[in-house]
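Single chain ahead, by itself, as structure tokens, in the form predicted alone.
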Amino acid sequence: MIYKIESDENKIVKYVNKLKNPKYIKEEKKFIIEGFHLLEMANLEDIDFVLTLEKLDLDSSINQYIVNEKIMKKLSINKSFSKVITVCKIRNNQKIEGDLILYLDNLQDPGNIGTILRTALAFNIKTIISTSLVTFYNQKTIQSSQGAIFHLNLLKGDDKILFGLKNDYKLIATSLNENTIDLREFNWPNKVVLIVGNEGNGVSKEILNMADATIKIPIANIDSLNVGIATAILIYNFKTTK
């Protein structure tokens, strides 16, 4: 159905505006995306409804709300506001599959998370687990991922899930500790949960204690790499040395 909204005090507009807040994303199990590219990347079952400046050629099951520029400017996080904003549903997906699973331990930066999601999709990784599920649905994360979020299994993780995965996977964590194995000397197991840690603090001690091994990328002239770049290197190494 096609509807028209002219007031920024409309309940639909207020509802969408609330979804900028992680608290409401978690409560409503909904999130917003901006722009035509991300809308095209979304699956039909992911889409709840659309706010747009003009009628779009979409499946008839999708409600469209025609709004004005003032409303779009209010809702958009971009300096140049989008012409379409889509409200999407968070899937209740508990499926774990693939020979390499990524586990993000308290990552905070949306750009880093988005880069990791995009890289994972490029290398055909199916499942990504994060200690904070809502970080996947930050608008900046989604934009950085270029829509990869719609084609991955995204799960909320904790120590219990990690412990359960030890039955079928080896837990391999990144670390700069003394007993850490140089990546050049590491033989990847067949099935791996690759654990990467917080931008400032790395992987937590609790998870390091659970890990079957810890690895590091040999580098020179600087003490660390961006976590998004490091994860990409590790994924590539796993995929090309099997």
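The numbering used is simple: start at 1 and walk along the sequence shown. Everything numeric in this text was worked out from a predicted model, so none of it was measured.
Only in words, not in the display: the form predicted in complex with another copy of the chain, which the text now covers.
- Although the partner is absent from this view, N17 stays clear of another copy of the chain in the model of the complex, with no non-hydrogen atom inside 4.5 angstroms.
- Among residues of the shown chain, S7 is not one whose heavy atoms approach another copy of the chain to within 4.5 Å in the model of the complex.
- Using a 4.5 Å cutoff between non-hydrogen atoms, I217 counts as a contact of another copy of the chain in the model of the complex.
- The closest non-hydrogen atom of F163 lies beyond 4.5 Å of another copy of the chain in the model of the complex.
- Only one of 167-175, 142-150, 82-90, 96-104 places residue heavy atoms within 4.5 angstroms of another copy of the chain in the model of the complex, namely 142-150.
- Across the proposed site, T119, N124 and T240 without exception bring a heavy atom within 4.5 Å of another copy of the chain in the model of the complex.
- Interface residue among S76, S132, N138, T115 relative to another copy of the chain in the model of the complex, by the heavy atom within 4.5 Å criterion: T115.
- Counting a residue when any of its non-hydrogen atoms is within 4.5 Å of another copy of the chain in the model of the complex, the hits in 176-198 run L183, R184.
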